[in-house]
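Take a look at this single chain in structure tokens; it is the form predicted on its own.
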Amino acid sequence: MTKVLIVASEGMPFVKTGGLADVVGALPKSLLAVAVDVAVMMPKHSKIKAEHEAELKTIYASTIMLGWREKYLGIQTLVKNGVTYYFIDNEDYFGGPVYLGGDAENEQYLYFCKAVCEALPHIGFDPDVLHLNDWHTGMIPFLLKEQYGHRYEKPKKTLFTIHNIKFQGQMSFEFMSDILSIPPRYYIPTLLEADGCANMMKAGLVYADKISTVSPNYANEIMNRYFGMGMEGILSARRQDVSGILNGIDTVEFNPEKDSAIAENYSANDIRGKLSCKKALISEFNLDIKTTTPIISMVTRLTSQKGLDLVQYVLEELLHEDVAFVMLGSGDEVYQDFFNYIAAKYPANTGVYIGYDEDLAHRIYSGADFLLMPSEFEPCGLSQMIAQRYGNLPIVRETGGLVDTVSPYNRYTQEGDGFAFSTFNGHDMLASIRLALSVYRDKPVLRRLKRNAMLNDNSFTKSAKEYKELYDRINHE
């Protein structure tokens, strides 16, 4: 049995700032179900200390060198839902925000990469494959091959997964070299250099044994210049080593039949409880609408990637119709200000919550009729799959994993489980929204689409089997 250590900067059920945490939370449980010997390693962030200190067991405490700096390294562990977790403990780096920003964040995760390599002999779990996630872990394949290979009985194989190639961990080479003691010969375009910077994402793409990303369509998209964000050259050169494995969702966490956070439970076979959820959502946001008014929702990070410029362009026009809009999210100030302005100007049919509240997200998924997700690019996306699980039909742009997970409504066959538009254009999006609103008035078709969406298998079961095959292939090559 191939032993796999998943390494990431965050993960449920401990710390979440984005979709990566959902994946790191759901995937290990699904891997256990297909007989993969799996464990997880991540930083011991302040939230973990605050909520789980009594459960944690210290298994190692020492120091490591970051260039000329001597830094504490502690390793603590606990078992949750049958999965063993190892936490890298260092108050200087992980006692505050999950991501410190700027060079402080770069140093934070350069330390994490080195600490993972130092920790491996001391955890009592000897992985064959390290499954690394995004730029925060990008230096680990480099360190394993160039600095740590002699320390282990056999070489450690690596799989590097791209969750969002836009974020790459860029810094001056002098900064990186000072912390990880890297000689200048590695600072060349075929290794660590990209656009005049040392680049942690590129290190992962160059040095990992295999590369994956989180949907088949995105794996193809990042081979071209628009989506590759400067990494399309190395990805194209390693095309044979790149796989696209679709993310799933935690179908136990997101289950309208048993979800305790929503007003009334319901299922694909008996969807009547969704009306109670809609009434509760209307009340929670103090909307002055009828239950027959369709509610369009967004649960999102407020960044340009999410297509919010399109939303800014057409939302006021839309809100003059018999429709309501509910949004949960936080991010760039310009978008936060816009949605606060909309909520103030249209209080009768607009609800906005700036921030993140997991239970409120569940209530929005269950109470709304449509989820708007007009992303400029989307490696996979989880919100559209969660929404489908709750009978909340996605309206998406055809990009990345949204292509792989949403079957657009076909007015001729009356089939589908959502709505889609292809061009990144505000009025194309508006046309798709209006198509969805016309279907909303056709109750038999609407019920069929909601049932289709709720019956989709968006679990990690299939993906876990694909990962198992990939791990075994990496281990035996």
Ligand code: ADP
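Residue indices: 1-based, along the sequence shown. Quantities reported herein were computed from a predicted structural model and do not represent experimental measurements.
The protein also exists as the form predicted in complex with adenosine-5'-diphosphate (ADP); that form is not presented, and the subsequent description refers to it.
Q: Just one of 69-77, 200-208, 87-95, 381-389 has heavy atoms within 4.5 Å of adenosine-5'-diphosphate (ADP) in the predicted bound form; which?
A: Among the listed stretches, the partner-contacting one is 381-389.
Q: Residue-level question: is residue 305 within 4.5 Å of adenosine-5'-diphosphate (ADP) in the predicted bound form, judged on heavy atoms?
A: Contact with adenosine-5'-diphosphate (ADP), yes.
Q: At the 4.5 Å heavy atom threshold, is residue 170 in contact with adenosine-5'-diphosphate (ADP) in the predicted bound form?
A: No - in the predicted bound form, heavy atoms of residue 170 and adenosine-5'-diphosphate (ADP) never come within 4.5 Å of each other.
Q: Check residue 19 for me: does it contact adenosine-5'-diphosphate (ADP) in the predicted bound form (non-hydrogen atoms, 4.5 angstroms)?
A: Residue 19: yes, in contact with adenosine-5'-diphosphate (ADP) in the predicted bound form.
Q: Would residue 229 count as a contact of adenosine-5'-diphosphate (ADP) in the predicted bound form, using a 4.5 angstroms cut-off between non-hydrogen atoms?
A: Residue 229 lies outside the contact set for adenosine-5'-diphosphate (ADP).
Q: Given that adenosine-5'-diphosphate (ADP) is left out here, which of 174, 358, 257, 321 has a heavy atom within 4.5 Å of it in the predicted bound form?
A: That would be 358.
Q: Just give me the single entry in 330, 265, 243, 251 that has a non-hydrogen atom within 4.5 angstroms of adenosine-5'-diphosphate (ADP) in the predicted bound form.
A: Of 330, 265, 243, 251, the residue with a heavy atom within 4.5 Å of adenosine-5'-diphosphate (ADP) in the predicted bound form is 330.
Q: In sequence order, which positions of 280-303 have a non-hydrogen atom within 4.5 Å of adenosine-5'-diphosphate (ADP) in the predicted bound form?
A: 299, 300, 301, in sequence order.
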